[in-house]
Structure formats: C-alpha cells, structure tokens
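Next up is one chain by itself, shown in structure tokens, the form predicted alone.
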C-alpha cells in the first residue's frame, strides 16, 4: 500500500481543503459571505446572461441537482435573479443583478489574493506548471466525473 502522500486522489482532496479554507478566509476578511462555488456561479452568470441552471451546472462542473441550492442562495443574497425564459415558458433564465456586479467587482482582489496564497511555496514557473498539469489531468478525466465540465450550447 502506498503512502497517502503518493496518491493523487489524496493530494487533490487535501489541496481542495486548503483552497476552500483560503478562499473563505480571504473573502470573509474582505467582508463578503460567498463560497467558491457561489463565486464561480455568479461570475459565470455575469459572463453568460440568460443562461439556464443546467447550462450553468455544466459550465462550472457542478452537479445539476445541487446547483439549484447554489442559485437559491445567490437569489436570496440579491446577487442574481431568475426570469421566465423568452424561449421556453417552463425554463428560467439567470441574470446577475446590479448588486451581483458590485460584489464581483469588490470581491475580485480577495479572490486573486486567495489564488496567490494557494500557490505560495511555489515559484511563478512552478505555479504555471502546476496549473498546466492540473488542466491536463482534469481534461483527461473530465468524462469520469459525476459533474463533467461542459461548453455553452449554441
């Protein structure tokens, strides 16, 4: 049996724990109450006005059944809203609110700081290499995920 520190799954889980803790600490210190998933969802809604929840889930690689709770919290916080779709009366389109735009603008320094802290201990070149390798490994395993990353459907 290998040592846990020789297993990529264990290291990925540990890095995720660190990443979430750092993100939450930086965002809280900046006066915000937003999780990494809520941030990713809000930024994606801003970049894709009018998208539906299923598309949002695919774009941030999040489970389709639990994305509803994420969107619910963004709506409750006044950062996003659901609107009836002009294309399908049964569907709801997501839009960022003015407060959501302000939040993204103000929270960006904290999010950027969190990213730097996550990579501390690495040189700039090592950080770039880690990012390259993470993207490569994630792309190779994307379809194995219960919530694979998806492109926007045209």
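Numbering follows the first chain given and starts at 1. On a predicted model such as this, the values are computed, not experimentally measured, just so you know.
Here the subject shifts to the form predicted together with a further copy of the same chain, a form of this protein not shown in this document.
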- Task: Tell me, yes or no, whether residue 24 is in contact with a further copy of the same chain in the model of the complex, where a contact means a heavy atom of each within 4.5 Å.
- Result: no
- Does at least one non-hydrogen atom of residue 92 fall within 4.5 angstroms of a further copy of the same chain in the model of the complex? no
- Task: Report yes if any heavy atom of residue 111 sits within 4.5 Å of a heavy atom of a further copy of the same chain in the model of the complex; otherwise report no.
- Result: yes
- Heavy atom of residue 60 within 4.5 Å of a further copy of the same chain in the model of the complex: yes
- Heavy atom within 4.5 Å of a further copy of the same chain in the model of the complex - the one residue of 35, 48, 115, 85 that qualifies: 115
- Note that a further copy of the same chain is not shown here; using its position in the model of the complex, name the residues of 98-135 with a heavy atom within 4.5 Å of it, in sequence order. 111, 115, 117, 118, 119, 120, 121, 122, 126, 129, 130, 131, 132, 133, 134, 135
